[in-house]
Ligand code: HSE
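A lone chain, given as structure tokens: the form predicted alone.
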């Protein structure tokens, strides 16, 4: 294995963790320069810095570019330029890969270089490598994942009685949520990750708009307290489900019976279940954080270093994207009100809640005095 000279685009939490690990553990790797917004800002990391991306992208001594800046358009441009300059690329950027992944992977194939992005989904959990290699030998049936630590934290706080507003404020105070948390709580962050998982797991090309996305902003502490009385719990879950030559992609607050592995997640940990003809495989670990994410970045660097030529997946196919045939758990807003008998589409009744398909419109929910959430269990 030859040594690699790395150009780093971004020196935030992940970038600094990456440099620290390389300097402490991997002397055969060398970070030559890092792109930053302000070279005068105090940092504990001692490496050359620049505000000019071309000093990295077109430096002939740099043969591998790592992009950890976030965002969409500039990273798209930088990755394209790096590949065209005969450099391999590793990115932790889920947004650029969700929107432009097919285009960028095609550019990598054309240039004969590698583009890897393990850290873009579930941080330190090696799920993309598993989908690319170990799990790809038999057809997959579904992928489900709890993929956003911000939502985990907010929902766990609400389970202990905090309101949504209080839980979000605490998440922001502790650094679990951004100042603008829209992408997290609205489900967009999870949708991007689900799309990347589906592209690898099912070898398809699809737009981010094909993911049916509902966030947690409509979940209240009252809902969670009611679910607890039924020995149920709720997490934001993204799913990709294959059925009869078509695929459904969705993100939604989803209910499971206690105990369930998804319900044990309260902070930055992510969990993913992959179901194939061979059975169910579970992956769990830190989905965020500098060192966890940097671990996946360095793993990608070593995967590139140990293989010659491009190992990018072949061009994906085009399959119909359909709306999922979903089941919902329904219960009354008022705990003193009885669940109406003979609900349309009722599949199962368990005490004070019922499982129905395909679910009710908001008008019907108001008429029956019900609320509903996606049912994650098999009926």
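This one's a predicted model, so the numbers in the text were calculated from it and none came from an experiment. Residue numbers count along the first chain shown, from 1. Rigid core (definition): largest C-alpha set, two forms, superposition within 1.5 Å.
Not pictured, yet referred to below: the form predicted in complex with the named molecule.
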Heavy atoms within 4.5 Å of the named molecule in the model of the complex: which stretch in 255-263, 97-105, 287-295, 240-248 meets that? 287-295
Checked 202, 78, 176, 117 for heavy atoms within 4.5 Å of the named molecule in the model of the complex; positive is 176
I'd like to know whether residue 144 contacts the named molecule in the model of the complex, with contact meaning heavy atoms within 4.5 angstroms. no
Residue 88 near the named molecule in the model of the complex, any heavy atom under 4.5 Å? no
If you check in the model of the complex, is residue 189 within 4.5 Å of the named molecule, heavy atoms only? yes
Just to confirm, residue 235 within 4.5 Å of the named molecule in the model of the complex by heavy atoms? no
Using a 4.5 Å heavy atom cutoff, which residues in 123-150 contact the named molecule in the model of the complex? It's fine if the answer is none. 147, 148, 149, 150
For a quick test of reading the superposition: does residue 83 move by 2 Å or more at the CA between the shown form and the other one, rigid core aligned? no
Superposing on the rigid core, is the Cα displacement of residue 204 between the shown form and the other one 2 Å or more? no
Shift of residue 168 between the shown form and the other one at or above 2 Å (CA, core fit): yes
